[in-house]
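Encoded as structure tokens, the following chain is the form predicted alone, with no partner shown.
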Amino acid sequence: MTKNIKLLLATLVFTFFRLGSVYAQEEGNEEEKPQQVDLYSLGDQNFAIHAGMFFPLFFFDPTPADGESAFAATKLTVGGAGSLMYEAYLNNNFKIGLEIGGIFAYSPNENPFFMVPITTRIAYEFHFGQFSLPLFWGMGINIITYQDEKNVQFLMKPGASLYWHFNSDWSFGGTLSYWVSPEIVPSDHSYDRIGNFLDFTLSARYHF
């Protein structure tokens, strides 16, 4: 009986030290794992250029007459879009910026239609591998020119981009933006309209 007890105690002691060795080895391996390093920090900046297509979707009438649809075609052609953008990072994910751009399209009579959006924007950027996915919200003004008429409207531009990091300085990708541009007529709200547009652009971004 005494021999069996000694054997049992020896087995328990050996198991205890064996478990302690394995635990210490696992802790060492965890310490050796490389920690994730943030790509950006406060003070990092980027400059981007976008160029692509503009898609007029529809006008929305918030107060349609009885029997009339609240949605109407814009009667504009598909056009071109482009913009320049500057952004500054607040940390690895949040950033703020300013964007100025321009679009052109044509009416059914082939008259040129221009819009110049100027927006401030805030974005949250996800990072995974060599890719970044910024989700952004822009707000500002939209300067509209059609023939001899000029108009300035409020503008909202939510959207998303996807970038591939070519190196530490450059990344390339695409951007999709949705435009909401309301025209409010205080003297007669029956003329109020909300323009809905879309643009898709290819993007090049320089980091500094």
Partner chain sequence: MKNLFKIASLVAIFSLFAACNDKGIFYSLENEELVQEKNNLNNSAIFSNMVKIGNYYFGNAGTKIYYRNISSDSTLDDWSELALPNGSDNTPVDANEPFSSYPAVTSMVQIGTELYISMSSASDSYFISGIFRVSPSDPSSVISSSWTPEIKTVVERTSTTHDSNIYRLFSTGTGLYINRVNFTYTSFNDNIPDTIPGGSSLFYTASPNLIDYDLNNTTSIDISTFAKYDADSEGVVENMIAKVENIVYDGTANYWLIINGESEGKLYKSTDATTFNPVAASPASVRYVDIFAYDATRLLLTDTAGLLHIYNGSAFRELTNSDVWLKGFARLDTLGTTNQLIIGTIANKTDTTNDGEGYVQLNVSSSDDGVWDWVDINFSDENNYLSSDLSGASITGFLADGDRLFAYTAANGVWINEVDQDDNTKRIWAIE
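Positions refer to the first chain, counted from 1. If you're wondering where the values come from, they're calculated on a predicted model, not measured in any experiment.
Keep in mind the form predicted together with its partner chain is missing from the figure; the text below concerns it.
- Heavy atoms within 4.5 Å of its partner chain in the model of the complex belong, among the stretches 136-144, 156-164, 41-49, 169-177, to residues of 136-144.
- In terms of contact with its partner chain in the model of the complex, the residue from Gln130, Asn91, Thr120, Asn111 that brings a heavy atom within 4.5 Å is Asn111.
- Although the partner is absent from this view, Ala73 contacts its partner chain in the model of the complex, with a non-hydrogen atom inside 4.5 angstroms.
- Using a 4.5 angstroms threshold between heavy atoms, Asn151 counts as touching its partner chain in the model of the complex.
- Its partner chain is not shown here, but in the model of the complex it comes within 4.5 Å of a heavy atom of Phe59.
- Every member of the trio Ser107, Ile184 and Gly195 reaches its partner chain in the model of the complex with some non-hydrogen atom inside 4.5 Å.
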